[in-house]
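Shown next as structure tokens: one chain only, the form predicted on its own.
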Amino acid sequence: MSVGILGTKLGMTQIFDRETGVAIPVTVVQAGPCTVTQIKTKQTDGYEALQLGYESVKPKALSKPELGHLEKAGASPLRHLKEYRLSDVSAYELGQEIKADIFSAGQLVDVSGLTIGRGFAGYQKRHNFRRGLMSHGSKSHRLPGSTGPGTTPGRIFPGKKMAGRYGGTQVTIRKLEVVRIDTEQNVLLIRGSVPGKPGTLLNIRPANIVGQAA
């Protein structure tokens, strides 16, 4: 696994290809900077990994153990911590900053984040059910209809598609293309849409392509 970066979704826009003039829909992501807050090795932890911290906050927003952990790395109070397993961590040191320049234009990435929460939703919105008759006298415009077994077995089977909480789940969109990078402001322009609304925390890492080392 390769080291990735934490970022924030800023919104969507479009840019134009200078050669073809085609409009490309892109998501604007504030990628880092992230601070190396812990380096794990086989001797100390049994495996090699890198822990990154992102988004500075006031000290009162964290617990004393969290503040003590970050002080060891010489880092300021950071809200989010994320671990990336690596085969070799010798190239990194505590307090080092990881920025958007670890990616390159044209590179494929996997982006993970929390989808937009839509609250308690009905059958049509949550599962794309067809609506009922809209004619006068119909009493099943948006109702699910029969939900299953009657006397035997007298219960609803687990997994039945019904109304309930919709959205707010962790989703990964794979193999999205990095179209452009602003290294001064640590901004990535990623082709297409990514999970969540503006302000959502994102985990961006190089795509794991079959036949190629992660």
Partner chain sequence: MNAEAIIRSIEAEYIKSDLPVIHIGDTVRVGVRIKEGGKERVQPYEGTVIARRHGGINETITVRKVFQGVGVERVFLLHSPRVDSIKVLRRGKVRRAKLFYLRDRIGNKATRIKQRFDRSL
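Numbering follows the first chain given and starts at 1. None of the values given here were measured: they were computed from a predicted structure.
What follows is about the form predicted together with its partner chain, which we do not show.
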Checklist entry - Among the candidate residues Ile181, Val28, Leu70, Leu176, which is the single one with a non-hydrogen atom no more than 4.5 Å from its partner chain in the predicted complex? => result Val28
Next on the checklist: I'd like to know if Gln185 sits close to its partner chain in the predicted complex, meaning any non-hydrogen atom pair within 4.5 angstroms.
Outcome noted: yes
Item to check | its partner chain contact at Ile15 in the predicted complex, heavy atom, 4.5 Å | outcome: yes
Next on the checklist: When the contact criterion is heavy atoms within 4.5 Å, does Leu10 count as touching its partner chain in the predicted complex?
Outcome noted: yes
Checklist entry - Would Leu189 count as touching its partner chain in the predicted complex under a 4.5 Å heavy atom rule? => result yes
Checklist entry - Going by its partner chain in the predicted complex, which residues of 63-79 come within 4.5 Å of it through any heavy atom? => result none
